[in-house]
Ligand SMILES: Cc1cc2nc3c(=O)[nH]c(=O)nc-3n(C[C@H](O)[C@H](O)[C@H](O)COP(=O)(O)OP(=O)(O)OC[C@H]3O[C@@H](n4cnc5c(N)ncnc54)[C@H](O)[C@@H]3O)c2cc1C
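Here we start with a single chain on its own, the form predicted on its own, put down as structure tokens.
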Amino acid sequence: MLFSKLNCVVRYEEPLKNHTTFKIGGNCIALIEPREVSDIVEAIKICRENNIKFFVIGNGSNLLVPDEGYNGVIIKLKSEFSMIKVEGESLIVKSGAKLSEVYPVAYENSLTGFEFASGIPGTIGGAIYMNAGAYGGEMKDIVESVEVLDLDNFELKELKNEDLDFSYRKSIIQRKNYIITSIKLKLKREIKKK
């Protein structure tokens, strides 16, 4: 099989209805769940060598896939790309973590600033990609930096908040050949009243 050398989950002819929140969509050529950045790189190299389209998804939130499916490869960031770590008043979050998983970690550690995103579906990577927001807050308000994989040279880069060119439901990620791998959120410690 084409992706047999990858050391991660590969499902051929996978129905995409199993990977979208709307539960619609036909099959893709293959669905790959990378364990680490090197798996993403290898999968994309194989796609490019074989002239196969690819598309990166997180939770498949608000993703509409036709019944005919996708004549390409889906790279789904989940599981190993879902780590959440607390560092002082910051959260280090892998791009495949669901927003609904990030909020409880912030709350349990008395970190405030993420509340606006608690009810937004999808992953943090998707939220950064489109500068998601609600209730007067947006991702641009709490992102300190983002690590991206540059698909032009397969290098990891760190982009600071000011580099991301955030605007209403937009970021520079939409215009560049980047995949978000992790995010550093800068929150504030809330002192709980007794």
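This one's a predicted model, so the numbers in the text were calculated from it and none came from an experiment. So that there is no doubt, residue numbering starts at 1 and follows the sequence shown.
The next section is about a form of this same protein that is not shown, the form predicted together with this ligand.
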Please pick, from L159, I44, I57, V65, the one residue with any non-hydrogen atom lying within 4.5 angstroms of this ligand in the model of the complex.
-> I57
Contact check for T21, Y129 and I173 against this ligand in the model of the complex, heavy atom at 4.5 Å = yes
Indicate whether this ligand has at least one heavy atom within 4.5 Å of a heavy atom of S145 in the model of the complex.
-> no
Give a yes or no for I179: in the model of the complex, does one of its heavy atoms lie within 4.5 Å of a heavy atom belonging to this ligand?
-> yes
So, in the model of the complex, is R169 in contact with this ligand at a 4.5 angstroms heavy atom limit?
-> yes
Contact test in the model of the complex: G113 vs this ligand, heavy atoms, 4.5 Å | no
Which among 27-35, 44-52, 65-73, 129-137 is in contact with this ligand in the model of the complex, heavy atoms within 4.5 angstroms?
-> 129-137
Does anything in 64-94 come within 4.5 Å of this ligand in the model of the complex by heavy atoms, and if so which residues, in order?
-> L77
